[in-house]
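First, one chain by itself in structure tokens, the form predicted on its own.
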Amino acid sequence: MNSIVATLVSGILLGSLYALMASGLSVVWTTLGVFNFAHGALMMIGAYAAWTVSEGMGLGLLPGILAGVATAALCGIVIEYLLIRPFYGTRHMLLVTVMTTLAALIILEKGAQLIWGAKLKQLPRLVTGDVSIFGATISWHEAIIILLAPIVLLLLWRFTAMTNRGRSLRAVGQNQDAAALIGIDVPYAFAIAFGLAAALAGLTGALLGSIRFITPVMGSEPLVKAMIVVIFGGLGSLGATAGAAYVIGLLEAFLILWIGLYWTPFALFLLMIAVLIFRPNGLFGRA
């Protein structure tokens, strides 16, 4: 029973991190209709920026997290302006943006290695100590992540559904020409979507940097998991992405328990292929 509870808690923690990561991908896809392969690298940049302010400058973890979010958001806006905006409306925009965001991924990873070096780094935890949940022991830092993720997702949903700026992002995602006709600045909406998604990636990196070591390639694995989440849940729906993130997190935790760490990625990719074959719009998506 203790192992089952521990696995449940671990799955919820994984789902919380995946939800924060994948929701940014969902925002970009919903608004621009492209997949940002540099999203994991933006998470890494957020972690390194948080470490620089927190440990390098000695200003503390909370200012470090804010710096990580802001730095990642700024990098996201720059990527959109330099590598994606010039190709809006072109015939092969989707293919071109795949190549440009992959180029951004390589540039950010190599740049991080030049700036911060290859030495492993780690952030301190928000709160020290452990907490017991039905016999399963986790750190207070991990418990805060579990509580924080739904709050951030709720705020993101409130922004996209109940504010004029958020509704303008949805309008641009549905029909760019119609949105422009009613006075919405479409390029500005694209920049906001990219900056918001990058900020979520930076927040994820800053939180994850207290659990795992910070390296230039730390965003690669979370990016793959986030891609599985958005495909599993259904592209274009924030609620479906959040629900799928927790399902994948719990499934991954139990797969590690049942079949081991080595075979779990294989099982997750097999599940993604099955969803693409039988439910191309995702389990929670609509045609």
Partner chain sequence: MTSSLRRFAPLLALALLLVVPFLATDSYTRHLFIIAFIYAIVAANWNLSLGYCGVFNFGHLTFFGVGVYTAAIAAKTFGITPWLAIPLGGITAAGAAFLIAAPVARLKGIYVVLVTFAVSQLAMQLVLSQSQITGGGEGMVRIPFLQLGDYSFIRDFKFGYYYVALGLLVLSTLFLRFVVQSPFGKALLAVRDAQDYSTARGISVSRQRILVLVLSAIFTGIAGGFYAIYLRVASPEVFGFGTMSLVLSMVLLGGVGTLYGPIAAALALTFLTEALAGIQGFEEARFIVVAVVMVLILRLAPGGLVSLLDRLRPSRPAS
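Because the structure is predicted, anything quoted here is derived from the model rather than measured. Numbering follows the first chain given and starts at 1. Think of the rigid core as the biggest set of C-alphas that the two forms share within 1.5 Å after superposition.
FYI, the form predicted together with the partner chain isn't displayed, but the following is about it.
Peer 1: Since the partner isn't included here, can you check whether the partner chain sits close to all of Ala103, Phe266 and Pro280 in the predicted bound form (heavy atom within 4.5 Å for each)?
Peer 2: All three within 4.5 Å in the predicted bound form.
Peer 1: Could you check which residue among Ile133, Leu147, Leu114, Leu154 gets a heavy atom within 4.5 Å of the partner chain in the predicted bound form?
Peer 2: Selected residue: Leu114.
Peer 1: Any of the heavy atoms of Arg158 lying within 4.5 Å of the partner chain in the predicted bound form?
Peer 2: No, Arg158 sits far enough from the partner chain in the predicted bound form that none of its heavy atoms falls within 4.5 Å.
Peer 1: Any chance Trp29 has a heavy atom within 4.5 Å of the partner chain in the predicted bound form?
Peer 2: Because a heavy atom of Trp29 falls inside 4.5 Å of the partner chain in the predicted bound form, the answer is yes.
Peer 1: Report whether the minimum heavy atom distance between Ile77 and the partner chain in the predicted bound form is within 4.5 Å.
Peer 2: Outside the cut-off, so no.
Peer 1: Answer yes if any heavy atom of Val98 is within 4.5 Å of a heavy atom of the partner chain in the predicted bound form; otherwise answer no.
Peer 2: Residue-level check for Val98: yes, a contact with the partner chain.
Peer 1: Taking the partner chain in the predicted bound form, which residues along 11-47 bring a heavy atom to within 4.5 Å of it?
Peer 2: Heavy-atom contacts within 4.5 Å come from Trp29, Phe35, Phe37.
Peer 1: Once you line up the core, how about Leu271: does its CA shift reach 2 Å between the shown form and the other one?
Peer 2: Leu271: C-alpha displaced by 2 Å or more between the shown form and the other one.
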